[in-house]
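One chain is shown next in structure tokens, namely the form predicted on its own.
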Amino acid sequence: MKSKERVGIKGYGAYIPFQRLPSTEVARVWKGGGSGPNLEKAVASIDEDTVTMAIEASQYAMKMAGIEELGAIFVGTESKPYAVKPTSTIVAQALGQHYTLAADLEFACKAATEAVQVLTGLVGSGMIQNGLAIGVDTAQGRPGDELEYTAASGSAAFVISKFDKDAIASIDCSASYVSDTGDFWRRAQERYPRHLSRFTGEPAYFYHVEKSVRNLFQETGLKPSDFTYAVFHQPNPRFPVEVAARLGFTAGQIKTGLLNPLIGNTYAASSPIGLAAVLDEAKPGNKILLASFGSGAGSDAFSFTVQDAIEKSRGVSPTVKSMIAKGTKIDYSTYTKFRGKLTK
């Protein structure tokens, strides 16, 4: 998919909570043996949720873009605070945006890339000048479940605008692949999501990511060697590295796998935070491949090209690396309090 008019990213921002739960704490409480797949994971504090984290990332993105008006705000999340009340309108209010289209999007972990695709169409058609795509989630995992090691908290936001000299990256094209694959789900009234463990790998994650990326290659003629960076959804440290190798990318191109051991899987913000981390260090002319994954299941693949304006964005917002470096460890009891896991 490609818009008739060129569209780009004009600003971006990410937010990673300060609190960190070591995997050794989860193993200690649940006698899991070992430390789990991650070193630690970021955990939203007691006064944080998807709304506050979305606002944090959005403010950084708008500051970098230097804009004041948004034609659309889309929030992609699977852990919004209200079952019936949009998160996007709360974010819009906080950002001072009222004459705007606002909506919440859902597709498990690829809701944010859905938002980027929709905004690319809206901007590319001339219906709006600027739009905001947000991916945000909090740690969700049944006590004692494998997800306790990996389900983390974080957010990322991107201002999508008509391509001009101020665009820091162009959105060249995208491709998607979906199927009815029940690898991960949460029914109404259930508090925690369920998953089919190993089934989430081969028939879900790997199959869909490979399909979307290969489709992108086929439609554009691009190949792995054309990209400086490759960013994949990171449900654990192994999956992004393995799927990258299957697709023909080298270890030096992969960035997302370096984030996961430190912050965990931030779900809807997982691959978007990876993209933000790459933009923090990318140079003009670099091409970036991004491939998200959402259980249920589907994957969106994108090709971005970094522009000269990226140099002006340096220092406007905190880098992902700097946010990862700042953190304080909490124990499991504090984690259960913050995430409200102890109920009557």
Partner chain sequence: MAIQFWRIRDRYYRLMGNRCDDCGARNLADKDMPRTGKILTHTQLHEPLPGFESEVPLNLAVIELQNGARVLAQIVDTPQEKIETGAKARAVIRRVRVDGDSGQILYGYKFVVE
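In this text the structure is predicted, and so the values were computed from the model without any measurement. Positions refer to the first chain, counted from 1.
Absent from the display: the form predicted in complex with the partner chain. The rest refers to it.
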Next item on the list: Identify whether the partner chain in the predicted complex is within 4.5 Å of every residue in the set Pro203, Tyr207 and Asn236, based on non-hydrogen atoms.
Entry: no
Assert contact residue (the partner chain, in the predicted complex, non-hydrogen atom within 4.5 Å, options Lys223, Lys165, Lys85, Arg191) equals Lys85
Within 4.5 Å of the partner chain in the predicted complex, heavy atom basis, the matching stretch of 293-301, 55-63, 307-315, 280-288 is 55-63
Check your understanding: Even though the partner chain is not shown here, does Val29 get within 4.5 Å of it in the predicted complex, heavy atoms only?
Key -> no
Pro81 versus the partner chain, in the predicted complex: is there a non-hydrogen atom within 4.5 Å? yes
- Message: Check Ile67 for me: does it contact the partner chain in the predicted complex (non-hydrogen atoms, 4.5 angstroms)?
- Response: no
| request: May I ask you to state whether Gly126 is within 4.5 Å of the partner chain in the predicted complex, using heavy atom distances? | output: no
Across 42-57, the residues having a non-hydrogen atom within 4.5 Å of the partner chain in the predicted complex turn out to be Ser45, Ile46, Asp47, Glu48, Asp49, Val51, Thr52, Ile55, Glu56
